[in-house]
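Each of two forms of one protein chain follows alone as structure tokens, named structure 1 and structure 2.
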Structure 1
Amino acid sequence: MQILPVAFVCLFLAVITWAQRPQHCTSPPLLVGSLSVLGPKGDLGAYGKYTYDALGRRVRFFEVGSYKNQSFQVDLLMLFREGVLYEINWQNHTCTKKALKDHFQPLEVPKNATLLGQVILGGSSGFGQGLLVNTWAGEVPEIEAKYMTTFTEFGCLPVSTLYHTEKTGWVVLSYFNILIGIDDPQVFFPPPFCQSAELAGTTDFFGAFF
């Protein structure tokens, strides 16, 4: 007579254990926030803001930084659905247009990523003193890339990503000041002086920052 209750308790505990295990997830489709990029050997350092639209497969970056001791300021509009990147120069009212060879990669924990662990950033002694995050690692065999990425347990918001290819070396991206939603959809439309720009070469996501 006690077999059924025992079996039920075991099943219940199994469900609770599975529910507590970090799951692969996808970030909200519309985000605005800040981003920092640090390249290998300190050659690249940049800080700026981004607007992210996974529904339309487009991203806008406003960045300032330095590359090999040379300061730069860049405004990038990436339209992955059209396969086009615009580099916008507001000072000269010029626009460089390049073909994007990358496919759109949503902010998510890839399905083939392996969980490295779950930790609390900050303190755990009181409510609100820390942030529960999950760190994952994996590879992208098609381009021989490796990555390690961290997302919040609640909300699936990106915290940081370490990304490596033979071309770029280790690149560190850190995300902060994230807000859900888009306050200005007009950022995804190139300015009028970009209309006459013709394709001039090809680039990929990380190549646009180097």
Structure 2
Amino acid sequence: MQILPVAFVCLFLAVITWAQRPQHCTSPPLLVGSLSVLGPKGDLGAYGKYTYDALGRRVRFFEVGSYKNQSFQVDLLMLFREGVLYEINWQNHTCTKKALKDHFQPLEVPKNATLLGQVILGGSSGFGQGLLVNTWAGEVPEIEAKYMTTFTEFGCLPVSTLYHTEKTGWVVLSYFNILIGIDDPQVFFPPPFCQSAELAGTTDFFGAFF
């Protein structure tokens, strides 16, 4: 007859412990922010800004950088609901419109990611000196990549992602200056010179970047 209370206490403790562990989480649906990309051999460096709308399933992404001493610039508008991607060239005022193969991928800790641990970036001895984050690891079979990704414990905001493929080595993405909300919803309108663009080929989310 004493087994039941003991089992109940054990179950209660198990639930408490489980609840204290970081949970797979999804970022807020509306975000603006910046990111930097650094390649393993120092031959890739880039800085980008994005506007992210998980409600409308659309992303605008602008990036400048250099790869093997060649500078580049990309401006992508991804409208997953319509299934199209615009590559916008502001210098020539031209537009390449492609069909987007895959579905919208919300910004989240992937469901199959494994928790590596929870740490405080910086420290916790003084106010404003640290950030509580969770780091997760996993694989993306589609591009044969391993990754480690870090999200804030409070707010579930991305902090960094390290991708590794045999081809690229480790690529470090750092996310920063994130604001919840969207400052200008018009970034999701294709510019006027894109109106006449015809579908030219197909791409997917990763294909648009690599």
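FYI, numbering is relative to structure 1, first residue = 1. All of these numbers come straight from a predicted model, not from anything done at the bench. C-alpha atoms forming the largest set that superposes within 1.5 Å between two forms make up the rigid core.
J.: Specify the structure that is the form predicted together with a further copy of the same chain; exactly one of the two qualifies.
T.: Structure 2, which is the form predicted together with a further copy of the same chain, differs in this respect from structure 1.
J.: After the core is overlaid between structure 1 and structure 2, has the C-alpha of T168 moved by 2 angstroms or more?
T.: Shift at T168: 2 Å or more after core fit.
J.: Would you say N112 moves between structure 1 and structure 2, meaning its CA shifts by 2 Å or more once the core is fitted?
T.: Moves: yes, 2 Å or greater.
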